[in-house]
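First, one chain by itself in structure tokens, the form predicted alone.
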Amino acid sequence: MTVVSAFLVPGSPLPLLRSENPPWSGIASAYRTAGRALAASRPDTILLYSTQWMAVLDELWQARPHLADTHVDENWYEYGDLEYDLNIDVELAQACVAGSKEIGISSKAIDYDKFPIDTGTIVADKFLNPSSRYPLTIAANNLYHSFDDTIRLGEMAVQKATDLGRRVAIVGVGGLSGSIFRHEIDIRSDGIVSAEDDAWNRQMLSSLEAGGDASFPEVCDEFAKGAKADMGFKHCAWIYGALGRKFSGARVHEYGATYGSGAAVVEFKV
């Protein structure tokens, strides 16, 4: 079996940098639970797609064997810096570059020092892979790719992992409803911006718990439009494609808010 675990997780740094804050502590705890589940699945590599690594011209794949530095989030810099230390499965990344071209998607490997790693990738790696035990294969979010393009990328990445004999954990990094508070709030009373967004989020999470089949992209499209979901909810397209366009259900470990936007830690049945 190639795919041994799969997770949808938030990319906001707030639960990591202020895990003691009550509205964010549950997300931090659930993230750590997901990390233990990922470790128990014994992957060789983590296949990760983050909505916050944005690309325009090509589908980008990280191919630098090792990256370590300090990152300052462009939005939440006042909460602290983000240290990272990432190991990359270069062989699988290069296979995905070739595989992207095979499915008609222009693709490029990224391999240079001090590359600006995005917040979402760092947060997910910190929680899910705290000792850097597992190498990553990281795919960018090309802003011009559709939901279906991203499904096909997830499928392709798993096929390449299968060809190389890799056991992989699938991680889609991104949020739920995309609206945030536009004014300063007391973070101790953080919550979803609106009751409408909350309803959309809960409906989507119920759909994930129930499982997905061929009609799942339509469910996601309706949610993305109604909730102004993070990047069209393409991080879920990545997971759906990687799971072979079907899954029998999922477990929502936690649902909450990150400065008004929706966030959840979800573990898929594989």
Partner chain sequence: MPKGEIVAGFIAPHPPHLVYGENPPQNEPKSQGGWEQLRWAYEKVRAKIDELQPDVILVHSPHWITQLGHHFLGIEHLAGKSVDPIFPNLFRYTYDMNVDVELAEAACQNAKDLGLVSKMMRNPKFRVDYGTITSLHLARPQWDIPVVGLSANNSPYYLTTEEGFEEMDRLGKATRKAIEDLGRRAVVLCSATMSHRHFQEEPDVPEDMSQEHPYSMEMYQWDMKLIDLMRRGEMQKVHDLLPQFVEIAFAEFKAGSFTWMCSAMGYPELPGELLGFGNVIGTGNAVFEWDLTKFGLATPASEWKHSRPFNAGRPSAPSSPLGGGSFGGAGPSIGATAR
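Numbering follows the first chain given and starts at 1. Everything numeric here is computed off the predicted structure, so don't read it as measured data.
What follows is about the form predicted together with its partner chain, which we do not show.
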From the candidate stretches 233 to 241, 202 to 210, 33 to 41, 49 to 57, select the single one in contact with its partner chain in the predicted bound form, where contact means a heavy atom within 4.5 Å. 49 to 57
Is residue 75 close enough to its partner chain in the predicted bound form to count, meaning some heavy atom within 4.5 Å? yes
Taking its partner chain as it sits in the predicted bound form, is residue 132 in contact with it (heavy atom to heavy atom, 4.5 Å or less)? no
May I ask you to check whether residue 191 falls inside a 4.5 Å heavy atom distance of its partner chain in the predicted bound form? no
Find out whether any non-hydrogen atom of residue 167 is located within 4.5 angstroms of its partner chain in the predicted bound form, and reply yes or no. no
Name the single residue among 94, 87, 159, 179 that comes within 4.5 Å of its partner chain in the predicted bound form, judging by heavy atoms. 179
Does its partner chain, in the predicted bound form, lie within 4.5 angstroms of each residue among 7, 217 and 247, using heavy atoms as the measure? no
What are the residues of 1 to 24, in order along the chain, with a heavy atom within 4.5 Å of its partner chain in the predicted bound form? 18, 20, 21, 22
